[in-house]
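The chain below stands alone and is given in structure tokens; this is the form predicted alone.
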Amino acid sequence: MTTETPEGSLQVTDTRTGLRYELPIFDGAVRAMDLRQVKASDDDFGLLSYDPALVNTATCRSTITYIDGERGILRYRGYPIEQLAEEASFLQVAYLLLNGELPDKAEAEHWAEDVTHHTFVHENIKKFIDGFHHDAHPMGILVSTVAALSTFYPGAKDVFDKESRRVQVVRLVAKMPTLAAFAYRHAMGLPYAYPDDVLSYAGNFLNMMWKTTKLEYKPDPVLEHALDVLFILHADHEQNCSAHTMRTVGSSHADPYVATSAAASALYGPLHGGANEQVLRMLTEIGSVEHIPEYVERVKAGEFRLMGFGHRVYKNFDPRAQIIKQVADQVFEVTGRNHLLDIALELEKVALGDEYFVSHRLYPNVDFYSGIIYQAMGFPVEMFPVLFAIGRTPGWLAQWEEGLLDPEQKITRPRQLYVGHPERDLDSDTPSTGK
């Protein structure tokens, strides 16, 4: 429990009783438990806050990621995302999220070596993946296989042992690309390509995805860099659905493998990790630049949403979208221009010039361009949430550990407002229970 001095207070008058209460304000918030003193009678449980989907409820204090949605700001541990995407590698950003500071040269080298050492998976994992049907979704395979890792490393259950946590964190960051690539190659009926210790984190993933009969795979440096940047942009994003899931499962002191599997399951949903796939479907449905005005009018008429525009948090430009747009230009210089990019660019131009979208503060988000880039690089749409999961893993783990070590946290157990039947008795008019 924090002992800081409140910055002010909120005065509340309960019109049911006429009683007045003063609720202290800390960090721009009132504590929900302080509402419990507001009672209509002595046997009243106390006032609850009702907040479906937690749209205006802070469930934790965090030092990891800062977002200012009004001004389009995203920072990891205080560093602007624009600077990290330009100056740092994904592994350096992962280290930052997990340790609070960027690594120096020696720390960066040791961290990279540690991750590289753990990229290989137990041979029985391959047998486990082989048990999936040939057309199994790669995200389903990833979710299941990450959970299965818990049975390979039983020591992971000692979540309050610092060294054990460190080892499991390294293993998860290292093995996610391997499991992801293996899931893809299983679905394609291809033999598994093992990690290459010489390559970078992103380059090694491309190697495990695309390597065929050549002894060595050399990733295109532009595509390798683009993927590294995309991983950075996806590395963490405050208390989103999957991060909240990671913390919730972690609050029961579950090991990081099953917690990560749960977070990846949340990411699997089309409203979270599958959003960029929906953008691709929309652009394909539009078909050509000429059809954009008609499509926009149908959106304004309420027939459907404009996918890839707007965000629960950002009420301005998503800073990640600005960076991805630049990455897209670099990627298409290598892969050739995708006609969907022309549609996307014109759609963005039309929408941002339309008062309807400007007044509703609907700006392109990170999903608007990421799917086009992934498609241009050769990834099938089924792999999009898998790619998201790889990048998000260090963020999930940072959230998990922060929640685990937070003395204010307990096992997550929200309240509910019961609106069902009052007490009632079985009688002759009630259908038989069969007993």
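C-alpha atoms forming the largest set that superposes within 1.5 Å between two forms make up the rigid core. Predicted, not measured: the structure shown is a model, and the values here were computed from it. We number the residues from 1 along the sequence you see.
Heads up, the form predicted together with a small molecule isn't pictured, but that's what we're talking about next.
Contact check for residue 315: a non-hydrogen atom falls within 4.5 Å of the small molecule in the model of the complex. Interface membership of residue 365, defined by any non-hydrogen atom within 4.5 Å of the small molecule in the model of the complex, is confirmed. Although the partner is absent here, residue 311 is a contact residue: one of its heavy atoms lies within 4.5 angstroms of the small molecule in the model of the complex. The shortest heavy atom separation between residue 221 and the small molecule in the model of the complex exceeds 4.5 Å. 270 is the sole member of 155, 293, 78, 270 with a non-hydrogen atom within 4.5 Å of the small molecule in the model of the complex.
Of the residues given (98, 88, 199, 307), 307 alone sits with a heavy atom within 4.5 Å of the small molecule in the model of the complex. For the small molecule in the model of the complex, the listed stretch (299 to 307, 121 to 129, 185 to 193, 171 to 179) containing residues with heavy atoms inside 4.5 Å is 299 to 307. For the marked spot (356, 360 and 388), a heavy atom within 4.5 Å of the small molecule in the model of the complex is present in each of the three residues. After superposition on the rigid core, the Cα of residue 101 moves by less than 2 Å between the shown form and the other one. Once the rigid core is used as the reference frame, the Cα position of residue 254 differs between the shown form and the other one by less than 2 Å. After superposition on the rigid core, the Cα of residue 82 moves by less than 2 Å between the shown form and the other one.
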